[in-house]
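This document starts with one chain, in the form predicted alone, laid out as structure tokens.
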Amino acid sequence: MNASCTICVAVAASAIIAATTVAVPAIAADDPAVLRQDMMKSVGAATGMSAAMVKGEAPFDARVAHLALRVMNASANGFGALFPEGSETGAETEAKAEIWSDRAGFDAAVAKFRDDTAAVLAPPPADLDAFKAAFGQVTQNCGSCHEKYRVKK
């Protein structure tokens, strides 16, 4: 790997890590709405980097693709727990009431996100074509969940 690719990987990894380690106010540990918003910011950063590779705006790097999918999977593994009863309001949440009124449907959507991200990681995509397919599968899942369970801005 040449030096510019190594730098690109380092910058990409740093961006994802920075997005997942934003300074969180002291109350965040007790506020599931803030925690889920921070988690979605890290998924958004991983999605943005992935989209840039898929669109050809950034060079494909299998390590960055793998890291992005791992961020999505790690988030999917804990995301459902951040919607307990009573967290329907506050923190300028974009969560729709359907999360709580259709809990079984929401839990199924989160499980699908978790399973889809786990499936594309075993083994992780090694080339751009494989990554495009994996990323498409995962983001289709994201879109359908956002459509049903997220308030449009």
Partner chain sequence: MRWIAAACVVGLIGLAGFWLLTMPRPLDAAAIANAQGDPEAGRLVYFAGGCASCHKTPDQDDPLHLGGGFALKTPFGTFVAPNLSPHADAGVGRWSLADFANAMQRGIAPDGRHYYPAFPYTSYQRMTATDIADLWAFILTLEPVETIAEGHDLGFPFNIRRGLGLWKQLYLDGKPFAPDPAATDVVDRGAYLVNGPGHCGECHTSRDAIGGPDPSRHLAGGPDPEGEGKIPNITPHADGIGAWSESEIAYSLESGFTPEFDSFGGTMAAVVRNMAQLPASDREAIAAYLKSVPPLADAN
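Residue numbers count along the first chain shown, from 1. Since the model is a prediction, treat every value here as computed from it, not as a measurement.
A second form of this protein, the form predicted in complex with its partner chain, is not displayed here; the remarks below concern that form.
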Practice problem: Heavy atoms, 4.5 Å, its partner chain in the predicted bound form: which of 102-110, 119-127, 40-48, 58-66 makes the cut? Say which one. | Solution: 40-48
Quiz item: So in the predicted bound form, does F131 come within 4.5 Å of its partner chain, heavy atom to heavy atom?
Solution: no
Self-check item: Contact of R70 with its partner chain in the predicted bound form (heavy atom, 4.5 Å)
Solution: no
Exercise. Indicate whether its partner chain has at least one heavy atom within 4.5 Å of a heavy atom of K96 in the predicted bound form.
Key: yes
Quiz item: If we check its partner chain in the predicted bound form, which of the residues in 59-90 reach within 4.5 angstroms of it by a non-hydrogen atom?
Solution: none
